[in-house]
Ligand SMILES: Nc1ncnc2c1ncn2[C@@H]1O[C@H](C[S@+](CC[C@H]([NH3+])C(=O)[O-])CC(=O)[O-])[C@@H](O)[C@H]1O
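This document starts with one chain, in the form predicted on its own, laid out as structure tokens.
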């Protein structure tokens, strides 16, 4: 089976990184993750990216700033065309981006999360990084901007895959071809892989009905001594406090366990991780997550109790997020 142009760099990267056991699975994973029968909107997203205009080689790419940006000369007509095509990929959840002079004001100020996380990380330069549930890849571009040798985003959303490809169209090879996207979930990562220096899981754990299984999957992807970066919804309380919401939490139907930070640390230790530490904990504000022209659906402000912003509409504590770091034992 011939390799599609948008996948050639991924295959080559897996070869270069020695991920032979995973490489054999790529054709099936890509076929299922980008199945047009399963995802009816997928052809429209693919078409939008294919129509992006060819760009001159002279461009200024910034992956080390809050806004992932690519400054390149476009005509007025090209700029209108690009804005229209990028709009067809909406909603844009993670960012911000600035591509060819077009500012994509995403739902999340993901740069704020990165500012809270980055100072606590082991230096990313030269490291292999796995970003689980990484959305359209905003944080992965930032990881590349910090010098990571190989960054792989996994996320089962084909919309996010094509948003990533749209950004790649602008970035070109300015990242050295080090940033990649595979449209799968963590369950598709080969067991006991043990190769990544750093594994990120941000905004995923509370969507998993078996949180300890997720932590174990993350642990098994790490090399001995590697670092786990786990960000998730938490609640106030001690090591025995865990909230199991009802049918919905902040209007989300697929939210399961919300532990306290202390309970979360215990979970990580029970799963065999060491050096467990909370490096940040903060309430999510409506300045950080909000509706925009690029994500025009309801957002956080619509999911809080209008009479009491410290509660969700269902009566649960408002979203609060913690970042916990840990290591796989050597």
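These numbers were taken from a predicted model, which means no experiment stands behind them. Positions refer to the first chain, counted from 1.
Below: the form predicted together with the named molecule, not depicted.
**Partner-facing stretch of 108-116, 161-169, 74-82, 122-130, counted where any non-hydrogen atom is within 4.5 angstroms of the named molecule in the predicted complex** = Looking at the other structure, the answer is 108-116.
**Request:** Evaluate residue 178 for contact with the named molecule in the predicted complex, applying a 4.5 angstroms cut-off between non-hydrogen atoms, and reply yes or no.
**Result:** Residue-level check for residue 178: no, no contact with the named molecule.
**Message:** Although the partner isn't part of this model, could you tell me whether residue 134 comes within 4.5 Å of the named molecule in the predicted complex, counting any heavy atom of the residue?
**Reply:** It does: once the named molecule is placed as it appears in the predicted complex, residue 134 has a heavy atom within 4.5 Å of it.
**Message:** Given that the named molecule is not shown alongside this chain, does residue 204 nevertheless sit within 4.5 Å of it in the predicted complex, heavy atom to heavy atom?
**Reply:** Because a heavy atom of residue 204 falls inside 4.5 Å of the named molecule in the predicted complex, the answer is yes.
**Asked** Does the named molecule come within 4.5 Å of any heavy atom of residue 90 in the predicted complex?
**Response** Answer no; every heavy atom of residue 90 is more than 4.5 Å from the named molecule in the predicted complex.
**Request:** Heavy atom within 4.5 Å of the named molecule in the predicted complex: which of 237, 101, 185, 147 fits that? Just give me the one.
**Result:** It is 185.
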